[in-house]
Every structure is written in C-alpha cells, then in structure tokens.
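In the form predicted alone, a lone chain appears below as structure tokens.
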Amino acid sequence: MASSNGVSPLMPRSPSNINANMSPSRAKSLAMRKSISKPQTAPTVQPQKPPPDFDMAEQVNEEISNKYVKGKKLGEGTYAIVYKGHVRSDPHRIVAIKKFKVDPSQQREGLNVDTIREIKYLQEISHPSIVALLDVFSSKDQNINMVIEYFPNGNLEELIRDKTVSYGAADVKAWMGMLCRAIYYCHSNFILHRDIKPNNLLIAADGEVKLADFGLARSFGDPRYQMTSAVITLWYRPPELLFGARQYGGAVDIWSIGMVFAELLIRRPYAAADVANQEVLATGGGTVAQLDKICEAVGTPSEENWPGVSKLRDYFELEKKIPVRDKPFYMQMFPTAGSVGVDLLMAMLKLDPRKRVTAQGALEHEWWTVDPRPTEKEHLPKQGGGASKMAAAEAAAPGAVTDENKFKGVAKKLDFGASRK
C-alpha cells in the first residue's frame, strides 16, 4: 500500500523522491540534515593477497638496487669489480659499487668467506676513520654488490710513493691518529682487522684517511680460541704469525700499524721480503725471507727477548743473530720522527707481542702532545685522479702482497722543515 504522500516507504529517502508537494527549499533542507546526521562509512577494501610467488626479500633487494645507478668500471681484480655510481634520486651523490666475483664452480658452497666477513663487520661498526657501508644488494647474475663511500683521492700507499707529493711530520701524525683511532674502536668492539697496510687506507674527499677491506677481520676475546696464522699481508705480518701462532689478540694489528708508521717516515716498506713474485711470498720461502728482514729491522727473536717463542708451532732458529735494535739505531733510521715518536714506534714493534703497546696505550702516548700538532684533515696532502687507485685496492684479494718493484727508486721527498703547528 502506497503511503499518503504518494512515495513508497520502501524507497530510499533522497532529494529526488521526496513528496513532490513539498517545497523545493524544504526538501533540500531535510536532505541536508539527513546527510549531516548520518555518519558516512567508507567502502570496505578487501586486502589483496600477494601472488603465490611473491618474495618480500626479493622486493626489498630490488628497491635497494633501484636506489643506485651503476656507472663506468673503475677497476677489476681477482676478488671484485669496482664501479662508479650515484644515487638515483640525487645524481650529485657519488658512490662506489663493489661487485664481488663468484666462482660458478663454487656457487653451491655459498658466498666466499671473505665477502661475508667484510659485509658482516662493516654492517656492525661505524666510525669516522672506517669506510662506511651504505647498502648491500644482489644483482640479476646472483653476485653480491656492496655500496660504499667514494674515495676520489686513492689510498695512502699511492700517496707515499708519489714523487710529486711532499708531506711532513704534522701530516704523518694526522694520518697515524686516524689509523690508531680506527683500530682502538675495532679492538674495543673485539674485532681484529688483520690486514692493515697503506693500500687499505683510503683517502676521502675531505682528507680523512679511512680503514677499508675487512675481508680478513675476525672477532676475538676468548684467549683459548684458535685462529689461523695465515693472515695479514706478509710485509706487515708480525713474527708470532710467521712462527705459526694460533692464539693472539690486538697485538698483531699493532705490529702492522708500526710498519705503516715506519713506511710513512721513510717512504718505502720498512721490512719487506725481497722475493721475485707473489707465488714465492705465499710459500715457506716467503716466510723465511720475511723473518730475515725482521731480524735486520728489529732484531732476531730469541728466548732472551721473547720468552716462550721457541714453543710456537712453526718456530725455527734463525741464522741471523742480530741483537734487538736500540733507540740510537731507530733515531738514525727515523730522524724525522723525533725522540718521542721513535719511542712510540719501538713500542709498536716489540718482538714479544705481550710487551707491545695496546691501541689505547698508543693513543695515550706522549707523542700526540708534542710539536708539531697534527695537520687538520682539510689541509692534508691529496692526490688527484685517485678513483682507479681506490678501485684497485678494493678489488684486490685480502692479504695480497703488492708488487715490491713499485717502491724501487721512490724519492724520499719529506718536508719536515716546514712543520705546521
């Protein structure tokens, strides 16, 4: 039965079906009040189910990969290929993309352990003097790509041997401060770097020297835990590792720092085994040759100066019998370091690792307080066109020994007469 106003009660009330006898203004007013008083409910949206083959990890990986644009190849080695790249949203923000090589025959075994180590430790740490890891993603060919800072000024090794670059005592002190702070931070977090050398010290655009290449890094802390002795590039490897020590701590890094210190002062490796090629360096012949150089540079290890050395697994008695070098010897060899600087160098190059200065002890040494003061990083010497040199360092296999021929004829062009305050 129709209602008295001629509109079915079953029909929705709207301005279009209100009683025609009602004035238009009245009808409009009622409709507006009805609209205001009745809460509006949003249409229900059913969540869409992801397709059966959806993989969130792949989606995240693709999003990270799309953040960067890979540019020209800067360098390639047996370990990795390094490209110049930039952030897609900001083309002026330059990065380096390090693509790790994967041996197809070893794909079933997973990632190379050096690759895993480098990514693991760089993800865990953050320090102004350690290279920053920005992102990690895999490419379509299943290779791992690591996005790191871009270093246009190369590495410290190239700067040391560049005959056109002069630097002084204040510059050496600045670089050593950056390195010692980086290692103190690592050791405070129970991480050994195990491959400190000038080639792994990259120079940032602002002059900061940053420690790179954590492919041989390792956590430490338990003195009973055994580790391999086949780490650290030979020229910077301490005698305890050459004798096969399997239980060690931060002292192995301190020896390497001491060798870098000496190299900065004389602009050539201080104790470098003179062998024909890297294949010989990787053999027992390389170990003997390196120990021979340590005897000449520091002194011959013995029970007198290093109690317990003869009990190390690979110990053997050396033919050269040279007393531990005294301070006058170091002063003659490193006159530009000054008396206090030589004291620190000698503390880093103790044959007995238990007597070697710690990273904290090195930073608390008097050398930092005497003149000259360290150069501000903005004023440190730099090299131009260092991107390819940075790439060569990053693409090399961890622990690789650099070609010793590059140091022949290097000019010792040090300008310590113009020390900055």
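One-based numbering along the sequence shown. Every value quoted in this text rests on a predicted model; they were computed, and no experiment measured them.
Beyond what is shown, the protein has a form predicted together with a small molecule; the following relates to that form.
Novice: Checking a candidate spot here: are Leu74, Ala80 and Ala96 all in contact with the small molecule in the model of the complex (at least one heavy atom each within 4.5 Å)?
Specialist: Yes, because Leu74, Ala80 and Ala96 each have a heavy atom that approaches the small molecule to within 4.5 Å in the model of the complex.
Novice: So in the model of the complex, does Glu149 come within 4.5 Å of the small molecule, heavy atom to heavy atom?
Specialist: Output for Glu149 is yes: heavy atoms within 4.5 Å of the small molecule.
Novice: Any of the heavy atoms of Asp213 lying within 4.5 Å of the small molecule in the model of the complex?
Specialist: It does: once the small molecule is placed as it appears in the model of the complex, Asp213 has a heavy atom within 4.5 Å of it.
Novice: Tell me the stretch among 150-158, 250-258, 181-189, 317-325 that has any heavy atom within 4.5 angstroms of the small molecule in the model of the complex.
Specialist: Looking at the partner contacts, the answer comes out as 150-158.
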